[in-house]
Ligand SMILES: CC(C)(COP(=O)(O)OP(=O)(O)OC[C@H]1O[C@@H](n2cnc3c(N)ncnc32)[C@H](O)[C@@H]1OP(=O)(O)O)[C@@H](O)C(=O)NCCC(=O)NCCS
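Next up is one chain by itself, shown in structure tokens, the form predicted alone.
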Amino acid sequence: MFEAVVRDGIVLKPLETWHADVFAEHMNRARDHIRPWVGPAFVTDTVEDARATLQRYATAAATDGARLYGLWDDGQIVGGVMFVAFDPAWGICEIGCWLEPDAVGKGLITRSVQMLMDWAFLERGMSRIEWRCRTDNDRSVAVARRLGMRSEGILRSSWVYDGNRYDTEVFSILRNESLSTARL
């Protein structure tokens, strides 16, 4: 299994079904912090739900689709990044992320997403990477901009949370734009 150092001893590695116990513990720490920003099927409440989430991603990864990676700090998950969607036939993927509160503000997401972007563009030959977030998610919007993504517009009233509707902003970066920025 691969493992990549993100910074300061924090490593990025795949989350697999056998991580259900530690993923459930992580969700207990992260749940309230991430619930407004990520899909309801991702935010689990039990070990069984955590296992089901991890199994969905494992099944998708086995067919060259979505993938899920955890950010590990001394054996404990503190957040992660994922390919929400991954379509090699079209050369398009979408990246997402989450963190528990104590891991916010350390640059972990920007670095981890850059690692996924590099892999998608350089190893898999993807042409386009998308990033979608609520327009009021200032941290997520800032990550997209730091990574050189362009805003392509707003999907009005497209996100439902706690009985309210929110707008979603769509960002993207193309392979030639990413490679020309010399961030690699």
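Don't overthink the numbering: it's just position in the shown sequence, from 1. Note that this is a predicted model, so its numbers are computed, not measured.
One more form of this protein, predicted together with the named molecule, exists but is not displayed; see below.
Practice prompt. Kindly confirm or deny that 38, 107 and 137 each have some heavy atom within 4.5 angstroms of the named molecule in the predicted bound form.
Written response: Yes, each of 38, 107 and 137 comes within 4.5 Å of the named molecule in the predicted bound form.
Worksheet item: Which residue, 68, 60, 50, 133, has a heavy atom that falls within 4.5 Å of the named molecule in the predicted bound form?
Response: After the contact test, the surviving option is 133.
Discussion item. I need to confirm a contact call. Of 43, 117, 54, 143, which residue comes within 4.5 Å of the named molecule in the predicted bound form, counting heavy atoms only?
Written reply: Flagged contact: 143.
Worksheet item: Taking the shortest heavy atom distance, is residue 98 within 4.5 Å of the named molecule in the predicted bound form?
Response: Flag for residue 98 set to yes.
Fill in: Contact test in the predicted bound form: residue 29 vs the named molecule, heavy atoms, 4.5 Å
The answer is no: residue 29 has no heavy atom within 4.5 Å of the named molecule.
Item to complete: Give a yes/no on whether residue 34 approaches the named molecule to within 4.5 Å in the predicted bound form, heavy atoms considered.
Response: Yes.
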